[in-house]
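This document contains two forms of one protein chain, each encoded as structure tokens and listed individually as structure 1 and structure 2.
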Structure 1
């Protein structure tokens, strides 16, 4: 039995995430976690909310609430949505937890001890009206290059020129619109990751089996212009982890917090600790997942994330982990995803364009979304959600191929033999051929799951479902029954066992349908098959079952058209 540590990129606290966010990290991570648990491995699956930073403060202000209260409420919302999508986290933590505060401060202290923290005095724009320092992109003004009047302090969206806030003509706060701005000096801590560049470079180069998307982004940052730059890890904000050197005060850093990107990945560790604390377990319970010197040497650590997160996970966080020099377990595999687009454009949180997690669950249950999203995961390039494609895929795959198979087998059995696995009859060459095919396909399915080739795994699973229909058509128990009921019984006995097999194999993709099938078949304790021949004999003759309601209803044209208009923009 292996030990697998799985983390999903942690979603930002600021609002409900859309399906593109879901398929880029949490959903594939859940698929992998469920599969690995199914195979009998010990899994620790961690996610959390990422709560610090300017956007959270602004969202809270907009909602008229203290930021801590706002975050607590939004955590609740995201937690429930995660449950709605059947995301099987062992812990869904919060980056604002005391555990993360302590660990973040600890890491900063270790990095300082090891000479990896520098102090840099820099100039930042302060807004009197907002009573805060403004990140570059929260300053707007007229672009000196093209005259665009809504250029941001980091870049002009119109002419794409890189800017400094001080380049802007008539700069103003993007928050309040105030022009009462002042450039102030402020001192910040920098993670001197440039010192670790060669080590990170060698490490990335050794990861030849990683997705090209992951390594190419990492290489770009390592080798671009001057190479890997040091990164500021503190901010002048109220909401965040207070800057401390371990447990000691950090002179000159009072009233500052760590940059959200410094504390967010550390939350992976902290959330594991939150889990251990919640379970009333000792430190060794979480440390055995993270510290190589405390039992984590045999852990395989896999991260899931959208491509925008890759630089932080391939460079900054590893620099933190390596720099602390405490035998922390580095990530072993990074699965990264492109973006899912929505019907010819991008999902847009600000414009309310596309389908958001709460809306999705209002119109259809989790399995529909899970199946479509995972079987179309944007692994190699950006992919696109269209309602036509969604309707066609879901109706065909789930309702026709899988759902109808279950329906035809169970209903035929009920009408001819009653609601128990029929005895009588023996299987022959046709069944041997089927078992051989299923075994080959199972091997392929497992190989794709191990390699986290999600679309390929989905295609193979679908082929496994389809094989049942092919077999049934070929064996034609409805015709055989007229001459030889015993032979028909053998065919149906096998087919009922196929349903059980499908429930087990499909669980990572469509857990609700899987559970309903196992309940209908009266076998909740269904383990992963060792081999097909044994698995298709698991349900013995005489074993009672119930005919389940139709597993999946179909999406009608009317519903599709309705949703199409409803989600085309501006959520209400």
Structure 2
């Protein structure tokens, strides 16, 4: 049994996330966590809300609420939506937690002790209309790299280029919209990342199994014309982790907080501590996942994120961990994703474009969305959600292949043999061929899941479903029954066992349908198959079952057209 630590990029607190956010981190992380648990491994799956910084303050101001109150309410919303999509977090934490405050201040203290934090007098944008300094995300303007006119002062979400506010063309306040801005001097703390460049380069170069998308972004940031730059870790804000060196005050920084990018990834560790504290397990329970001197050396740590988060997770957060020089476990594998686009454009939280998690669950249950998003995950390039493709995939894969097989087998058995596994007849060459094919496909499915090749895994699972349909159509028990009921019974017995097999293998992708099938078959505790031959004989003759309700309904043209119209505009 292995120990697997899984984290997905923590979502901003500022509103409900869209389906592009979901498939770019949390959903594939959940798939992997469910698979690893199914294989018998010990899994710790961590996520949280990212509650500090400009997005939280702006969203709270827009909602007319104190920022702490707004964050508490939105954490509840995001937690419930995660449950709605069956995201199986061991802990869904909050970056505003006391645990994250303590750990962030601890890491800052360690970095300072090791000479990796310096004070820098810098020029920062001051807004006369707002009577305050404007942190990066309080400033919007045109990106000098790609021309996108809604770029933020820290990064352009269109081309992902890291920016400084002074880089923006025609900058304006994100609070008031004012262009009456002035550049003034202020003092901040900087993480001296440049001193860690060689160690980061050697570490990244050692990760030969990482996806090309991950390593190409990391190396670009390490080796572009400017090289790895030192990065500010404090801001002139009220909401955030107060700047301290461990538990000690930091002279001159009393009115500042740590920059959100510094404290947010530390929340992965802090959320695990939140889990241990909630369970009254003590420090060793969370430290064994994170500290090599406490047992984390044998942990495999896997992160999931969209490509825009790769620079911080391959460089800045590892710089914090390496720079602390205190036996913390570095990530072993980073699974990064391209963007999922929406009907000819981009999903966008800030612009309210696309389908959002709450809206999705209003019209269809989680399994429909999980299947389409995972089977079309943007792994090797950007992919696009269209309503026509969604309808076709749901109807063909879920309704016609899996759902139809379950319905035909269980209803035929009930009508001819009753609601129990029939006991007559023996299998023959046709069944031997099927078992051989399924074994090959199971081996491929497992290999793809181990390698986190999600689309390939989905394709193999779909092929496993299809093999059962092809077998049933070729064996034709409804015709055989007229001449040889015992042989028809053997076909149906194998087919009922295939349903059980499909339920187990499909659980990481479509957990609700899997649970319904296992309940109907009376085998809720079914484990992962060791081999196909054993799996297709797991339900003995005489074992009772119930015919499940229709597993998946088809999406009609009328429904698809209605949704397409409903979600063609901008969410307000």
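Numbering follows the first chain given and starts at 1. Quick caveat, the model's predicted, so the values are computed rather than measured. The term rigid core refers to the most C-alpha atoms you can superpose between the two forms while keeping them within 1.5 Å.
- Between structures 1 and 2, only structure 1 derives from the form predicted together with the RNA.
- Superposition of the larger rigid part on its C-alpha atoms leaves the smaller part rotated by 34 degrees between structures 1 and 2.
- On core superposition, residue 169 has its C-alpha offset by 9.8 angstrom between structures 1 and 2.
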